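Just the one chain here, laid out as structure tokens, in the form predicted on its own.
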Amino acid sequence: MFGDRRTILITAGPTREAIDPVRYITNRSSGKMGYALASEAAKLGYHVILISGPTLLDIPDSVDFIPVETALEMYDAVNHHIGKADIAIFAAAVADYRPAVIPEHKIKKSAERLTIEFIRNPDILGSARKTFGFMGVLVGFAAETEHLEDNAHHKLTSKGCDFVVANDVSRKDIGFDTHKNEVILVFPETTKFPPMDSKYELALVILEHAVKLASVRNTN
């Protein structure tokens, strides 16, 4: 469809942050959007590096698959591999915080209340430009429950993205753990509103915009 052999790095799925040896916190991301992107990009002939948190999904054919569990592991994997990429699409739902201390043994039920201190995880998308030195096309995702376009614009500018894919995860018919999605694509000068569609069809829309930007950048 697009006719070249670019390398596309894609993050997908949730992360898990351990509370103790048997418990963890996570989020509702199924990984379907990121896996759809990886699958369609590989079918189109691109070299795909898929860095994924834990999911129940089958690994797409013909991708370099890198499994991770925590936000810190995903940060390290992205840092290690992003230098090979022409395009980076950050579709993973990464935990913003992790427990400050993970006890060696299972926390036993005792007191009526349990307080766990959390510390902030590194910002993977925000590190792409400033820390990792990535100069390719950068696509972020914004899973929001309100002020969709405004929050996506903020992410676009604060993280140095070329565009942001935003969707309303408060809706039950799209987003988390569904086969369909409805997104807006927020660019510096415009916003596009693709119709609701399967995640695989939307993956093609997202890839087309990313590859076009990469092609323009390479000719300048």
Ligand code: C5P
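For every residue, the number given is its place in the sequence shown, counted from 1. Please read these numbers as outputs of a predicted model, since none were measured by experiment.
Only in words, not in the display: the form predicted in complex with this ligand, which the text now covers.
Screening 133 to 141, 79 to 87, 111 to 119, 98 to 106 for residues having heavy atoms within 4.5 Å of this ligand in the model of the complex returns a single hit, 133 to 141. Contact with this ligand in the model of the complex holds for all three of A92, L125 and K155, each having a heavy atom within 4.5 Å.
Taking the partner from elsewhere, K180 is found to have every heavy atom lying beyond 4.5 Å of this ligand in the model of the complex.
By the criterion of a heavy atom within 4.5 Å, K159 is counted among the residues contacting this ligand in the model of the complex. Along 179 to 216, not one residue places a heavy atom within 4.5 Å of this ligand in the model of the complex.
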